[in-house]
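One chain is shown next in C-alpha cells, namely the form predicted alone.
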Amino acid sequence: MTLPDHYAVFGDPIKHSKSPRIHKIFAEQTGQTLEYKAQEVPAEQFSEAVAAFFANGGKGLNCTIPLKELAWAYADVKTERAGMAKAVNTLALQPDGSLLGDNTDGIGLVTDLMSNHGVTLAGSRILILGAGGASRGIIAPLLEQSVQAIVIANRTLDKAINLAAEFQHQGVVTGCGFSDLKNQSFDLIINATSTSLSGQLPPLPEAILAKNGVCYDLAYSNEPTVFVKWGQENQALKSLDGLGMLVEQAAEAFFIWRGIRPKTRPVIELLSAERKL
C-alpha cells in the first residue's frame, strides 16, 4: 500500500479554511495519494513549525495570514512572482532538500476573473483598495494582462505611493489616498483590504465604477461581503468575492507539488452551491 504524501496549510486563525476540502477533492479527481491538513500556527512559532513539518516527511505547505511574509523569508529559493510579491503562500520541498517559495495568489485571481467570469483585463483601468500584502501579490500578474493602468488607494498615502513605485517598471501604476479618487472611474475595483468581512468599507466616491464595471473582493464568506453588496448597489456588471480565487490558487499550488493540474470549475460550483443552502 502506498503511504500518502503529507501537505498542510498554516495560518492563524485557520479553522475556517476550505483548503483541506479543496485539496481532498483535487486528490480524488487526479488519483493522487496525499493528506492535507489545516494547522493553526501563530507567527512567533512559524519557523519551528515549518522545520518540524518537513523534518517529519512533509512535502509541501500553504501559508496564509499572517505568515506569507515569514514564508518568503524562510524559503531557500523563490520564484520570480514570489520575489516581486515579497510574500509566499506555497512552499515546496525540492529533490535536493531545499524549499521553493512561490506565490499563487495573483495567478489565482487572474484565472478566476478571465476564465471563470469572462472579465476582460486588457486595456482596463483597475483600482486596488489597500496597500498591504494582499495587494502586493496581485499587481504583477494583473500588469502581465496588458491593463491600461492600476491605481492603488490606501488610507496611508505613503504606503500606496511606495508600493506603486516598486511596480512602475512593469506598467502604469500609481498610488493615492482615498480622497484623491474623485472624478476618476475604473473598469475593475478590487478590494484587497480585510475590512469588508467586519462590515467596513473604504470611502468611495459616487460614479467611481465605470459602466459595466466589475467589483471583486479578495475575501470570501458564506454571505455577500459588504464590498460585494456595494458593487451590487452601484450597478456592477458582476460583483464577486474571492472563493474562485481561493480554488484557483490552490490548483496552482497542487500543480507545483504534484505536476498535474486539477479541474477547478466543479469544485467552485460545489462550494458555491453549499453556501447557498
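So that there is no doubt, residue numbering starts at 1 and follows the sequence shown. It should be emphasised that the depicted structure is a prediction, and the values quoted were computed from it without experimental measurement.
What comes next is about the form predicted together with a small molecule, which does not appear here.
- Of the candidate stretches 88 to 96, 105 to 113, 126 to 134, 141 to 149, only 126 to 134 contains residues with a heavy atom within 4.5 Å of the small molecule in the model of the complex.
- In the model of the complex, none of the heavy atoms of Arg81 sits within 4.5 Å of a heavy atom of the small molecule.
- The closest heavy atom approach of Gln168 to the small molecule in the model of the complex falls outside 4.5 Å.
- Not displayed here, the small molecule is kept clear of Tyr74 by more than 4.5 Å at the level of heavy atoms in the model of the complex.
- Contact check for Ser185: every heavy atom lies farther than 4.5 Å from the small molecule in the model of the complex.
- Checking Gln200, Asn162, Ser179, Thr120 for any heavy atom within 4.5 Å of the small molecule in the model of the complex turns up a single hit: Gln200.
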